[in-house]
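Just the one chain here, the form predicted on its own, laid out as structure tokens.
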């Protein structure tokens, strides 16, 4: 398949594994755009909380998503700034209550169908690293490079604690570890677009690797995939 801007790199994996950080760094190295699909679910969760909607109401959440005005504007880095109804979605998306609500929102088939279509529009021309839970299995099953990025729950909880504290937010390691384990079970066991490695994907365990080592491996895999004529 030939795409005008390059190949599509799909990075899937569980919560807190560092897909966004790794994806941005790899995109900068490759001159690609970066797209974090989790931001869309978090933004919808935030809007649902503000509107007082139940985060388990699929039809209501899908209707809300359709009413919102989604914009992705150029920024200085590889990732576009996301605006919803004209408002920049910033640090509020990192709040723990939004993260927990987005877990419920992301289980809804109606919501995932809406998000899948928007995400396909954003990445169809290639030259993009897109990360999420179902990019290689549902959004872009034809992606030229699929990576399942993993790490132990303990390592992911420690990283999440560090991220929250950098933002000046409270963080309890035990609570976050428990949430991550529950989120893993929910994401892997949900009926619609469950979290799993694509059959033709590459498994990459980052538990004992540095960010730079993970990025180097993605760059190496990209060279092989881009040169393979896919």
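Numbering follows the first chain given and starts at 1. The term rigid core refers to the maximal set of C-alpha atoms that superpose within 1.5 Å between the two forms. For clarity, every value in this text was computed on a predicted model and none was experimentally measured.
There is another form of this protein, the form predicted together with 2'-deoxycytidine-5'-monophosphate (DC), and it is not shown here; the text below is about that form.
**Student:** Taking 4.5 angstroms as the cut-off for heavy atoms, does residue 106 touch 2'-deoxycytidine-5'-monophosphate (DC) in the model of the complex?
**Tutor:** It does: once 2'-deoxycytidine-5'-monophosphate (DC) is placed as it appears in the model of the complex, residue 106 has a heavy atom within 4.5 Å of it.
**Student:** Taking 2'-deoxycytidine-5'-monophosphate (DC) as it sits in the model of the complex, is residue 34 near enough to touch it, meaning that at least one heavy atom pair lies within 4.5 angstroms?
**Tutor:** Looking in the model of the complex, residue contacts with 2'-deoxycytidine-5'-monophosphate (DC) do not include residue 34, since no heavy atom lies within 4.5 Å.
**Student:** Can you tell me whether residue 201 touches 2'-deoxycytidine-5'-monophosphate (DC)? I mean in the model of the complex, with a 4.5 angstroms heavy atom cut-off.
**Tutor:** It does not: once 2'-deoxycytidine-5'-monophosphate (DC) is placed as it appears in the model of the complex, residue 201 has no heavy atom within 4.5 Å of it.
**Student:** Looking in the model of the complex, any heavy atom of residue 190 within 4.5 Å of 2'-deoxycytidine-5'-monophosphate (DC)?
**Tutor:** Residue 190: contacts 2'-deoxycytidine-5'-monophosphate (DC) in the model of the complex.
**Student:** Among 146, 206 and 218, does every residue place a heavy atom within 4.5 Å of 2'-deoxycytidine-5'-monophosphate (DC) in the model of the complex?
**Tutor:** Zero of three within 4.5 Å in the model of the complex.
**Student:** For the interface check, one of 67-75, 132-140, 81-89, 152-160 should have non-hydrogen atoms within 4.5 Å of 2'-deoxycytidine-5'-monophosphate (DC) in the model of the complex; which one?
**Tutor:** That would be 132-140.
**Student:** Once you line up the core, how about residue 70: does its CA shift reach 2 Å between the shown form and the other one?
**Tutor:** No.
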